[in-house]
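Here you get one chain, nothing else, as structure tokens; it is the form predicted on its own.
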């Protein structure tokens, strides 16, 4: 009885905040899974992490201005993302540009968070911005999140082939008439939407959990881009749902009986999933290597017998 209560707590779907969390969390998990596969292929994990961090600057500024945090996340993400992609065309240049932009935005974020603490009486805003607070997102934001997610996925669908081509072989793509810079800028739009929406679920500091985790696991299970995306979506949505259920149930847990953060459950589940796949793939590689050695030994024995 207790086990099933954890998996399906009483009154789960009668709570409006939980229903909103499921809807927004599902949309965010799907768009992050699809974008995340390209992030892994293109080696842009650092850029994704930086966009999450700079999003905190925009969210803190939006809080000071009395605006919804999502618009602040997106404003900071788009401005920083375009700057990163414009300043760095190659991987090394992009990492340097990312570091420069990130340093400035983090300094600005520190100022805004200080002003929130000094000028307002609430102490929960910085925690919500940095570590997420999905249960407090207004139901009216669901439509905006769904619209942004669909727009990002539609953009990815339009540029899918040139994006995949320029991600795998950028020099060859350039010769074939594909502009890696233009494709990179368009991809950055989808990346910003994915990361900044993820900040609503797990916070600015952990926003890449849904971006990198499912994609990293999926690309280990399959080398086919479309299959990897499907696997990443399934992993991301399942992890988000289970994280929401555990966070809801944790309101009955010690020590405070006030609920544990959703971000803790999602990131923990993601780590466990990644380690499981890593261990399984390691065992598979060792098994293949042992089979190859056995086959080689059998072949050598046969040759010796023949001679």
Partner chain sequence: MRREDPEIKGRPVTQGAAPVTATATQDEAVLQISDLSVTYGARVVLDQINLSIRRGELVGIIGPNGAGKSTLLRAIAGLLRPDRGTIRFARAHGGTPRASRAQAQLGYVPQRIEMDPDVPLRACDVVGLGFDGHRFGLSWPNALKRQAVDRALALVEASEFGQSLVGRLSGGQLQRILIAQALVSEPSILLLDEPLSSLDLRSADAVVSIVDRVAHQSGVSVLLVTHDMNPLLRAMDRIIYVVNGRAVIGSVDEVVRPEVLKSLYGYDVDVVRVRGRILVVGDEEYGDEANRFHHHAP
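Residue numbers count along the first chain shown, from 1. Not measured: the values here are computed from a predicted model.
Beyond what is shown, the protein has a form predicted together with its partner chain; the following relates to that form.
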Checklist line | its partner chain contact in the predicted bound form: residue 100, any heavy atom under 4.5 Å | finding: no
Check: Counting only non-hydrogen atoms and a 4.5 angstroms cut-off, does residue 104 reach its partner chain in the predicted bound form?
Finding: no
Check: in the predicted bound form, does residue 225 have a heavy atom within 4.5 Å of its partner chain?
Finding: yes
Note to self: Would you classify residue 165 as touching its partner chain in the predicted bound form, given a 4.5 Å non-hydrogen atom cut-off?
What the structure shows: yes
Note to self: Does its partner chain, in the predicted bound form, lie within 4.5 angstroms of each residue among 41, 175 and 219, using heavy atoms as the measure?
What the structure shows: yes
Check: For the chain shown here without its partner, which stretch in 195-203, 155-163, 131-139, 111-119 has non-hydrogen atoms within 4.5 angstroms of its partner chain in the predicted bound form?
Finding: 155-163
